[in-house]
Each structure stands twice: as C-alpha cells, then as structure tokens.
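In what follows, one protein chain appears twice in different forms, each by itself as structure tokens: structure 1 and structure 2.
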Structure 1
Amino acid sequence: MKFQIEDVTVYFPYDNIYPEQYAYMVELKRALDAKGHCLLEMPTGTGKTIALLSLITSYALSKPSNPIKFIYCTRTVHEMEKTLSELKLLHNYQLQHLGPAAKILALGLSSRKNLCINPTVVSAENRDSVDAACRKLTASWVRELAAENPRIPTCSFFENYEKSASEAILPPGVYTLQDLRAYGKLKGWCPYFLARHMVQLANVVVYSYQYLLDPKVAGIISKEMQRESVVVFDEAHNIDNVCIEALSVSVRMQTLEGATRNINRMSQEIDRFKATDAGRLRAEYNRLVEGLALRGDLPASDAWLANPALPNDILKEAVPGNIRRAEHFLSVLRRLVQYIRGRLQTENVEKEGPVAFVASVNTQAGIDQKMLRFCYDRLHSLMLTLEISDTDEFLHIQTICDFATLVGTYTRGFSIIIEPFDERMPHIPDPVLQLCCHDASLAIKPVFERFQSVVITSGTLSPIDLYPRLLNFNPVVSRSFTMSLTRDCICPMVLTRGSDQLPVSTKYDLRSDPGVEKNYGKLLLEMVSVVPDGIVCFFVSYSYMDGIVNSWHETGLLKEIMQHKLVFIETQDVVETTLALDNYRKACDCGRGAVFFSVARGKVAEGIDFDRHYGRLVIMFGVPFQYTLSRILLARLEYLRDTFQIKEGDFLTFDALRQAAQCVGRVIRSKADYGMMIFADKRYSRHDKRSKLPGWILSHLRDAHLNLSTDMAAHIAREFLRKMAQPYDKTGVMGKKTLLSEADLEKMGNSNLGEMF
C-alpha cells in the first residue's frame, strides 16, 4: 500500500498496516525532520522492523536531492539476515510501484569468516584464524613477494578483485551475506573486500552494533560514513551493556604468558630485520616522528583493528620519542607485562581507578601515561613493519596493548579490578585483572555526535526515561507505543506455587530445594500435555539449567516430558545450539512439537524468535538477576549511584525484568499470532518487581493471574488455547480498528490519529 505522511509518500509492502505502525512512522518522520535522535519503544509482534525500513527508505526516496544514508545495526548476524530479507521484500514492492527510480544498494557486512569464499581460508576454526589466513594470502608484502615468486600462494578472488579495480562494484539491489557470497563466486571477486568497498556507496548498510560502537572496528569500517545518515539500533534494550563491553578488557595469566611469547617472537624478528633490512626499521622510525598517520593510506588488505580508544580522545600528536625505536618499545612492553604479572600475584581483591593505576605503573615500571596511550598504535605499526601476517597468534599482546591504551586515555568511568580467584571457587587460584567500563555513554558518544539522527528502538525500553540518562543524550522524540490488539492474543501468568501449594522460586535459598525442582518439572509436564507445538523454557543460568535437567532426568520427570514432546537444550557450544534450534524448528513443523531449554541472557534469548507455532508458551523459570556478587557489577552499581543517582536495587530489578520481558516477548510476531507466558517465581507477584515489566505485558496481566498454582495455570492454558483456536475478525471489533487499509488511512488523514491511542 501507498500512503502519505505529511510530505512523504510511504511505500509499505503489505495491503494493511497496524495503527501503531502508522503512529510509529509518524513519530520517526518527525525525528528525521528535526534531524535529532529518538527513542521509540514498540512491543514485539507489531512489525517494528518493516515500519522502520519502509519509512526511512521512503523518506530517502522523497528527498532525492539530499540523499540520506541508512545504517541499520543489529545485534546478531541472523538478525541481519532477517532484516535484509524484509528489506528485499520492501525493495521489490518499491520497484514495482516506482520503477527504476526506487533502485537502491543495500548490503550486509560481516567479518571475513562469514563472507570469505576461499575454501582454504574459510575452513579455519574461528574469526581470528580466518582473518590471519586471509592476511597470509592478501597482505601487501605477501603479494609483492608472490609477484616475484609464483610459488607463494595468493587468493585468486582477491587478485581478481584488485585487477578489476574500479569496475568491481555491486549493481543496485539488496544483498544478504549469502547473496554477497554467491555474487562473489559468480564474478570471482572477494565478497569481503567488495562489501567493504561498497559500504561507502551503499544506500542502506546493515551490520552489527560493534561496527559502530567498538572503537577498534568502527575506526576502520565506519570512519567515512557521511553525517547525513540515519543510524538505527534495533533491539537496543541491551545497548548499554554492549557499549560497556566494547571498552572493557580482561587480562589473565594465559594472556600474560602469550604476550611474553609474542614479545620474544617480535624481538627475534627485529634482530632478523636488523641483519637483512635495517632500512625498513629506520623508515618506520621516521614515519613515527612525523606522527602516526598510518591509517588511511594503507592498502585495505593490511587494515587492522583500529585503536580501542575513541578517535576524539586520542590526541593528534606524534608517538612519544621513547617508544619510537622498535627495541625500546618492546622493552616497555616487557616491563608492562612484568608489572601486571606482579599485580596478579596478589592475595586479596584489589580495586582502583585508572589514575591510581597509571601512577603506580609510572613509579614501578617507569611507563608514563602518554606511552601507555600510544601502545596500541605503536604495536600496530610495528607488526606491519615486521610483516607479521599470522595475527591470530598475536592476540595476547594486542589485548595487553588494548588495555594499556584504554587505561592511559580515560581517567573516569573505569575501574580496575584484580581478583585472585573466583568467588565461588576460592580454592582454585585463577587471577584476573579486569579493566571495566561503567559508563555506557563513552562508547556511544561519538555516534551521537557524528550522525544527524540516531534511532534507538526495541520492544522493551521500559522505563523509557532511564535510557537517555544511561547513554547521556537528548532525544527529540521519546515515545512508548502500546499494542492495539484484535483479541487478547497474549496471556501472561505469574505462577507462585507448585501443585502442592508450596512456593516456587530461584531465590538462593530455594533454588536447589528438590521440592522446587520437582514443582518446576511438574509444571512443565502439565504444560507439555496441554500446549500444542513449541514450548520454550528459560532458566536463570547454564549451571542451574544443567542441574535441574539432570535432576529431572534422574527422577524420571524428563522421561514423562519426552512422552509428549522432543526435548532440545541450549549448550555453551554455539554450533551445537544452532543445530539444536534447527532441529527444534523441524520438530515444530511436524508432529507434536518440541520443548527448548534455554538460558535468559544467553545467545538464544538474545536474538532467536519463537513466533507462531515455534513457541506457543514461554516459561520463565525464576528471575534472571545478574550474579550480584560479581565485583564488576558492584563497581558499576556504585558508579551508577554516584553519577546518575540510580539505586542499586532498582537497577538490578530493572535489568532482570528487562531480560525476562525480552525472553517472553519472543513468542509474538504479529497479531494473528498468539502465545502464553508463564513467570514461574513467587517474586513476580510482588508489585515492585512486576511493575517493571513493559506496559504491553502488564496490560494483559489480569489480577486473577497473579498468584497461580500449577493446576490453575494448566486450566487457564486450556481455556486460552481453546479461545485462540476460534476464528476471529482480523480488522478489529466494535469500532476499534486494529488493521488499517489504504482507504482507512486516507479517510482519517493525519488529524484524528491521536485519538486512536
């Protein structure tokens, strides 16, 4: 359908639209007009992504003189694929109605591991080894050598890409990662470098959060993006955590040992170069005198992760004189590693700020703040000079330099925590030094400054006023939309008691109680016999899940559950989990369905949808609090209290409940869909916990469903499922429209829209 929002003609690929999608577009358009940032919460299952995509692309189309670029950030690669396939749908529609004028170039960008098509490279184990394997074939010095000596292997795809030079471009269209690979294979070009190149020219770029938030990556991928861009962070309820992690580093004993090996290897290389090619080292020295300036003029294949500190924070000055010479720099690194090793020997937990840490490094190891700050870039330069291409071997020293640069750059918002052992296993020494960032606004600040509009959106951003504080920005639009429902298609319940009327909870004192475990098992057993198709269960942690599943197995409960449905489980092995998910979907497509056991805050909870028959019921076993004894968390809480006056308890509950809401929200995809949500913990019935749930869940949580036992829940489930099986009118009942057609939109214009919500 096609409709008008003020001066923009919006192309929407469906025949109907939900009223809240329309309202969402109106708000978004206002933010774009104002060239400001916005914060929008809309419940899952209302087609947020397609509303976003169609408004922003239509907006760009309506202003051909001043084209805006659209950067869409997803948390995961599979979400990227999903977004791109929605965009494909939209693009096809626009082409149909606008003709060639609607042509755009949209592509997804990921690492070499997901884009490489060279069979020898892509077979490597993980990302770093794929990167290294690629560098071994494509680094400038390798290609120089190969030009002389044909026996040195190169990558034919990269060579072809280089040869076609300016001709190597992607024709307009929407490219998923798979499409990119297929196109690369067809042309014989390297899809990774092709995509890297095309990102500058594309109208729509879809990539991971980290390509904008992690300064190391953003420095090379996103540095040339124009200011007239719209940046969208979808599913952004965890964005503060991502920001924090982008600037946090941890160092263990293994890291130090690895770093020492790396240093030794580099010093050997230096000796070798001194003997054979001393001029090269001298050239590097001269370059460093003039300033860093090495990024930018490097061939693309040599590019390395950029400096972890933010571009504006690193001063435009030359590398300090005392680390310009390679051997001097190495000895600085040696002293630094030695110093950290000494700090790790401690018997007690230590916590200090960056300033104190830098001061003590200065006094004990003779390394000043400025030297620390340049460590990362200096290392980068050295490794290029030494022509090291197996970069995956050098991760350890990179980590150390990363740490040094961060600690040398920032004086507030960070703390350094040294723990000699894990709190829960005090008898096993496992020292770790962590530099943790507490201030989420640090990493996202340059994004807000650089781009004219940043859109932060998710299904759960409650309380919506907290995010501007955490991220330290001023949105021009900040709205939370409710869901207009045709029928009560979600049914949240709070289960507080088992069938024996004893309370259930994952509270510390109750969690390993066999009675609670049994009651949880009985609840699941009751539900598998009632609910058709898929059921998803979320547990509070891996160890809790393993424990309870094992105990169900031993008591025979699992066997009874398996009489009804197949059982799949998330493990810490991603490959296995992915396969289990794939099988789970297959099992839901046919037969009696399946149960999937998963972990809140785990990878599955974060990005996998269990919509339609893939999830008719979610059970959240317990409240997914963070591990509150963690020092990092405590330090962060302290920082939040001091800077933002956010109470510890409030933050913890907020954090736990947003995770729980996120988990249960995965069942609804559209209004035709339906699903039940069971919060199985007695603590959910307390008002202070419950009230932190997002509004669209709360509005369906009836008072009668606040304090249920297993048998009551089963009864409600039966009733609900029966009700949902009845036919209904999709367009809404009793004058309240929940589905708008083109005609409806024209009729009401923009004037009376406000009354509908």
Structure 2
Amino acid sequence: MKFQIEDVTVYFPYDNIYPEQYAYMVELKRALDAKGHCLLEMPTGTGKTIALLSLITSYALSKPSNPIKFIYCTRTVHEMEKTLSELKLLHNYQLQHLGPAAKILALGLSSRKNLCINPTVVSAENRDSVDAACRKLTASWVRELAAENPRIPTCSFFENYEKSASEAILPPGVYTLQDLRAYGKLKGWCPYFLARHMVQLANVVVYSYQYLLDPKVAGIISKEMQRESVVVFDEAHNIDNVCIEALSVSVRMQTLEGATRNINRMSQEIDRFKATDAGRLRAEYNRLVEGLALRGDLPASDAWLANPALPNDILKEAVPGNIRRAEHFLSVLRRLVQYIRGRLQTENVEKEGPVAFVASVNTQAGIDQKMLRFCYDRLHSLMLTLEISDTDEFLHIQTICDFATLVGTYTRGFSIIIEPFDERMPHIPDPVLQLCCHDASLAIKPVFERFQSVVITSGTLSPIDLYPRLLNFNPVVSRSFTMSLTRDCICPMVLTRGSDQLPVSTKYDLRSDPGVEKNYGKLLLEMVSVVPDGIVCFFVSYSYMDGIVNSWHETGLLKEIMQHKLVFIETQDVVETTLALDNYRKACDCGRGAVFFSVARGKVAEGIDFDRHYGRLVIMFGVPFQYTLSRILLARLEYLRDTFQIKEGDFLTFDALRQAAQCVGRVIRSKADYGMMIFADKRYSRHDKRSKLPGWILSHLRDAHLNLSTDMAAHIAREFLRKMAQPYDKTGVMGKKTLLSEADLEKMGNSNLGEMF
C-alpha cells in the first residue's frame, strides 16, 4: 500500500498496516524533520523493523536533492539478515511503483569470519585467527614479496579485487551477507573488502553496534560516514551496557605473560631488522619526529584496529621523544607490564581513579601520562614497521596498550578495580585488574554529535525517561506505544505465593528455602499439565538454575514434569544451547511439547524468539537483579548517583525489569499469536517494581491477576486458553480496527488516528 504522511509518500509492502505502525511512522518523521534524536518504544511483534525501513527509505526518496544515508545497527548477524530480507521485499515494492528512480544500494557488513570466501582463511576457529590468516595473505609487504617470489601464498580473491580497482563496485540492489559471498564468488573478488569499500557509497548500511560505538572499530569502518545520516539502534534496551563494554579493559596474569612473549618477539624482530634493514627503523623514527604515528592513509588490508580512545580525545601531536626509538618503547612496555604484575600480587581488593593510578605508574615505573596516551598508536606503528601479520598472536600486548591509552586519556568516568579472586570462588586465586567505564554517554557522544538523527528503539525501553539521563542527550521525540488488539491475546499474571499460601521469591534470604523451591516446582508441574506445546522458563542466574533443577530432581518433581513434556536446558556453551533449542523446537513441532530452561541476561533471553506454538507460556522465576556485590556495579552506581543523580535502587530496579520484560516479550511475535506471562515473585506485586514494566504489558495486567497463588494461576490459564481457541476476526470492527487499509487511512485522516492512541 502507499499513503501520505504530510509531504512524504510512504511505500509499505503489505496490504494493511497496524495503527501503531502508522503512529510510529508519524513520530519518526517528526524527529527526522527536526533533525534531532528520538526514543521510541514499540511492543514486540508489531512490525517495528518494516515501519522503520519503509518510512526512512520513503523519506530519502522524497528528498532527492539532499540524500540521507541510513545506518541500521543490530546486535546479531541473525537480526542483520532478517532486516536485510525485509528491506529486499520493500525495495522490490518500491521498484514496482517508481521504476529505476527507486534504485538504492543496501548491504550488510560483518567481520571477515562471516564474509570471507577463501577456504584456507575461513577454516580458522575464531574471529581473531581469521583476521590474522587474512592479513598473512593480503598485507602490503606480503604482496610485495610475492611479486618477486611467486611461491609465497596470497589471496586470489583479494588480488582480483585490487586489479579491478575502480571497476570493483556493487550494482544497485539489496545484498545480504549470503548475497555478498555469492557475488564475490561469481566475480572472483573479496566480498569483505568490497563491502568495506561500498559502505561509503551505499544508501543503506546494516551492521553491528560495535561498528559505531567501539572506537577501535569505528575509527576504521565508520570514519567517513556523512553527517546527513539517520542512525537506528534497534533492540537498544541494553545500549548503555554496550557503550560501557566498548571502553572497558580487563588484564589477567595470562595477559601479562602473553604480553611478555610479544615484547620478546618484537625485540628479536628489531635486532633482525637492525642487522638486515636498519634504514626501515630509522625511517620510522624520522616519521615519528615529524608528526603522528601513522603514515597517511594505510591500504585497507594493513589497517589494524584504530585507537581505543574517542576521536575527539586523541592528541593531535607528535609521539613523545622517549618512546620514538623502537627499543626505548619496548623497555617502557616492559616496565609497564612489570608494574601491573606487581599490582596484581595483592591480597585485598583495591579501587582507585585513573589520576591516582597514572601518578603511581609515574613514580614507580617512570612512565608519564603522555607516554601512556601514545602507547596504542606507537604499538600500531611498530607492528607495521616490523611487518607483523599474525595479529592474533599479539592480542595480549594490544590489550595492555589499550589499557594504557584509555587510562592516560580519561580522568573521570572510569575506575581501576583490582580483585585478587572471584568472590564466588574465593579459594581459587585469579587476580584481575579491570579498567571499568561507568559513563555510557562517553562512547555514544560522538554518534549523537556526528549524525543529524539517531533513533533508539526497542520493545522494552521503560521507564523511557531514564535513557536520556544515562546517555546524556535530549531527544526531540520520546514516545511509548501500546498494542491495538481485537482480542486480549496477552495474559500477564503476578504469582506471589504457592498453593500452600507460602510467599515465593528469589530474594537472597528466601531463594534457597525448600518451600520456595517446592512451590516453584509445583507451579511448573501445574502449568505443564494445562498448557499445550512449548513453555519457556527464565531463572535469575545459571547457579540458581543449577541449584533448583537439582533439588527438583532429588524430590522427584522433575520426573513428574517430564511425564508431561520434555525438558531442555540452556548452558554456557553456545553449541550445546543451539542443539537444545533445535530439539526443543522439534519436540514442539511433533506435539510432544517441551519446556526450555533459560537464564535472564543469557544468549536465549536476548535474541531467540519463541513465537506461535514454541512459546505459549513464559515463566519468570524471580526478579533478575544484577549481582549486587559486584565491585564494578557498585562503582558504577556511585558514579550514576554523583553525576546524573540516579538513585542506586532506581537503577537496579530499572535494569532488572528491562531484563524481565525482555524475557517475557519473547512469546508474542505477532498479533495473531497468543501467550501467557507469569511473573513468579512476590516483589512484582509492589507498585514501584511493577510500574517499570513496558506499557503494553501493563495495559493487559488486570488487578485481579496481581496477587495469585498457583491454583488460581492454573485456573486463569485454562480460561485464557479456552478463549484463545475460539475463531476471531483479524481486522477487528470499525472503531477498534487493528488492521488499516489504504482506504481506512484516507478516510480517517491524521486527526482521528491521533485519537486512537
């Protein structure tokens, strides 16, 4: 269908549109017109992705004079592929209506591991090894040698791509990662470097958050993006954590041992060069005297990771004199590693700010702040000079230089925490030094400043007013949408007690109480006998899940549950979990029914959908608070309180409930779907906790369902399932329409639609 929103003709590839999709587009257009940032919470399963894609591409088509670029950030490769296939459908629809005028270039960009087509490279086991294997075949010095000696292996795909030079371009169209690999094989070009080159020219780019938020990657990939870009962070409820991880570094004893090996190897290389090619080291020294560490623009195949500090904080001046010579720089690194090793040999937990840490490094190791700031650039320059291509071997020294550069650059928003052992296993010494970033606004600030519109959207952004404070920005539009339904297909319940009327909770003093464990088991047993197909259970942590499943096994409850449905469990191993999920789906498909035990904040809670019969009920056992004794969390809470005036309790509750909402939101993936949600903990009945759930869940949570026992919940479940089994009208009657056609939109005009919400 095709309709107008003010001056923009929106092309939408389906015959009908949900009212909330339309309202979402209206708000999104307001933000784009104002050239400002926006926060939009849209219920899961209401077609958020296609609404975003339709509006922004149509907006770009309506303003051909100043074209905007559209950067869409997802969390996983699976989501990236899903987004690109939606875009393909939309693009075909626009081509039907507009012909060649609608042509765009859209592509996904991922790591070499997902794009490489060279069989020898892609067979390496992890991402870093694939990157290193690629550099061994494509680095400029390797190719120079290969030109003289044909026996030296190079990558034929990269060579062909380089030979084609300006002809190596992608014709307009929408390319998923699969399409890019196929096109690369067809032309004999390297898809990874082709995609890297085309990102600058594409109208739509879909890639991972890291490519914009992690300065090490963004410095290489996203440096050239134009200001007239619209950036969308989808499923962005955890965006503050992504920002913090991008600027945090942890150093263990293994890191220091690896770094020492790296320094020794570089030292041998320097001696070798002194004997064979002393001019190269002298040329590097002269270059450093003249200015910055890097020699102009590197070839794409040589570019390593960029500086870990944010672009505005990198000093634009020459490298300090005392680390210009390679051997002097190595002795500085040796002293730094020695100093950190000394700090790790502590019996007590230590916490200090970057300023105190830098002062201590200066007095004890004689390394000043300026030398620390230049560690990363100086290491990068040295590795290029020494022509080191197996970068995966040098990750340890890179971590040390990351740490040094960040600690030398930032004076606030960070803490250094040294822990001699993990508190949960105090008898095993495992010292770790962590540079923790507490301020999520640091990493995202350059994104807000550089691009004209940034859209942060997800199904769970409640309470929505906390995000502008955490990320320190002013949105021009901030809206939370509800779900328009013809039938109540969501049934949330709060279960506060078992059938023996004992309260249930995962509070620390109650969680290992045998009565609570038994009541949780009885609840699941009741539900497996009532609910057909798939049930998903979320626990607050792996350790709690292990404990409770063990106790159910001993009391024979697990055996009783297994008589009704098969049980599958998420573990910390990705392969095992994927296998368990596949078998869970098979069990649901063949009608045997299954239960999946999972963990809040785990992989399954974040990215796997349990739509249709794969998830008819989700049970959230407890409130998934973070481990509140974690030193890093306590330091962050203190920083949030002092800087942004966010109370500790408010932040912890907000964080726990966005995770809980994320878990239960897995069951509803479309309006034709239906599912129940049970929040099994007495704390959910408190208003201050409950009110932080998203509006679209709260609007279906009736007062009668706020304080249930197990048998009442089972009764409600039976009633609900009986009601859902009735046939229903998908479009709804006029006045409560949940599917709007083109004619409806014209009839209603903008004014009436505003009233619907």
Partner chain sequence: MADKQQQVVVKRARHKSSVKDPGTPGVLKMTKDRFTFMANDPSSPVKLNVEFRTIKGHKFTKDGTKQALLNLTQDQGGNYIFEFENFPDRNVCKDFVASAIALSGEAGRTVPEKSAVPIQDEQLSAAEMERRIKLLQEDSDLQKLHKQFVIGGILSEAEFWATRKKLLEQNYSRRPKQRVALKNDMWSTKPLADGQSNRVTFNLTPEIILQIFAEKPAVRQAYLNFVPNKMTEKEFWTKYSRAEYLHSTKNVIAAAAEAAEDEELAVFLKQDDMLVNEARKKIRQVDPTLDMEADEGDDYMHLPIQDHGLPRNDNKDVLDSQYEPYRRSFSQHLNQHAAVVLQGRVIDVELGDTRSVAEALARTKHAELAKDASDVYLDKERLERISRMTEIEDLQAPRDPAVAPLSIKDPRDYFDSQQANAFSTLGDTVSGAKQLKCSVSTREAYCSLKECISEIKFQGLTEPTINSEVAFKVLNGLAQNISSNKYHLGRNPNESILDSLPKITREELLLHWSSIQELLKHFWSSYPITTKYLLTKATKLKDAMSQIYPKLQEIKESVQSDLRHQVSLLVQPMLQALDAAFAHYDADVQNRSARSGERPNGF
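Along the sequence of structure 1, residues get numbers from 1 upward. C-alpha atoms forming the largest set that superposes within 1.5 Å between two forms make up the rigid core. Quick caveat: nothing in here was measured; it's all calculated off a predicted structure.
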### Query
Here are two forms of the same chain; which is the form predicted in complex with its partner chain?
1
### Core-aligned C-alpha movement of residue 49 between the two structures reaching 2 Å
no
### Message
Core superposed first: is there a CA shift of 2 Å or greater at residue 167 between the two structures?
### Response
no
### Query
Would you say residue 596 moves its Cα by 2 Å or more between the two structures, aligning on the core?
yes
### Message
Superpose the two forms on the rigid core and tell me the Cα shift of residue 710 between the two structures in angstrom.
### Response
2.9
### For residue 552, CA displacement between the two structures after the core is overlaid, in Å
4.1
